[in-house]
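One chain follows as structure tokens, the form predicted on its own.
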Amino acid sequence: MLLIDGRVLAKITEEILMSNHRRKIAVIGAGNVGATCAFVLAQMKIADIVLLDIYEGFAKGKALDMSQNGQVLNYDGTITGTSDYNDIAGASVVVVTSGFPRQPGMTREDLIAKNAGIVKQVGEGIREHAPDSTIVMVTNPLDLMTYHMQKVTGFPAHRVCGQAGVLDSARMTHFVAQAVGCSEEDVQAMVLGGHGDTMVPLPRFTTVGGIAITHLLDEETIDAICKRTASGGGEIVKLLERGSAFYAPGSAAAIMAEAILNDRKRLIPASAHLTGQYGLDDVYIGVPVILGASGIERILELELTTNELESLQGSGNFYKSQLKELLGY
């Protein structure tokens, strides 16, 4: 009898499934965030990747560069660069990174007028060519553009979500690990609210090896970590001087795309459409969700303190007012 190692069998099974049904993820926007997302997805070896940008050569050049790294990554899928929305047909997940980046002195909200038009154009392309896809938004201001994308596409709200809490929690994780002096692998951070200055880091729900950081760090240190988390993107913009963060945002978006494609049922914070949860209605804001094949499959309501709930509602109401004033919703 021929015996096959379990890992070899799993690899063979994976290759057969991939060959019979080539899965596809589209990344809209071939800038630093989009290219990083595509590169991380290639390393995951889970699907073919289409990188779309209005500048065709830009997308094709980056796709070719990544493709020539296939042997190094042991990646046998295809990475395609294009400017044609026809090429995203059949994509299960679409990650949208298109938009103008932040510049020093510019808030995420300053980008609203510039990026709303871009999101409208992208949304129409997705609606026409990938009508069954689930969308992960990265374009800033994140929560507003996620709401805008849902309205443009007309997709069910659970199939349009925003990448915010994964990135913000990752930033908080880094700062906590530095303060405690431990491995980042053992830190689980929780950051809710809008992806901006009104975000709500939750120390009570942030743990190291299952121990809340309120038992490991003093109040002053925790407060400093929360403030640095909220201004994490701005700190990088200031240091770079000519651009904004892209390694962590691109990787965080890839994590969400993988969770959807592989139906992972990940419990992560993400920008989701609220319909009464946490006392907020008809607004996208960062909350804990179960993320799987259907997109946002469930929104979890944590038992927050009065101050925590007021902070979250303040963040949600801030973005809801901007929806009306700046986008007309």
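What you see is a predicted model, and the numbers here were worked out from it, not measured in a lab. Each residue number is its position in the shown sequence, starting from 1.
Keep in mind that the form predicted together with a small molecule is not shown, yet the notes after this line are about it.
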item	value
Contact check for Ile28, Thr97 and Asn140 against the small molecule in the predicted complex, heavy atom at 4.5 Å	yes
Contact of Pro101 with the small molecule in the predicted complex (heavy atom, 4.5 Å)	yes
Interface membership of Pro269, the small molecule in the predicted complex, 4.5 Å heavy atom rule	no
Partner proximity in the predicted complex: Gln121 to the small molecule, non-hydrogen atom cutoff 4.5 Å	yes
Exercise: Asn32 in contact with the small molecule in the predicted complex, heavy atom 4.5 Å	yes
Candidate stretches 258 to 266, 297 to 305, 281 to 289, 49 to 57, one within 4.5 Å of the small molecule in the predicted complex by heavy atom	49 to 57
Residue among Thr153, Asn115, Ser133, Thr229 with a heavy atom within 4.5 Å of the small molecule in the predicted complex	Asn115
Contact assignment for the small molecule in the predicted complex, among Ser169, Thr80, Thr206, Ser244, heavy atom within 4.5 Å	Ser244
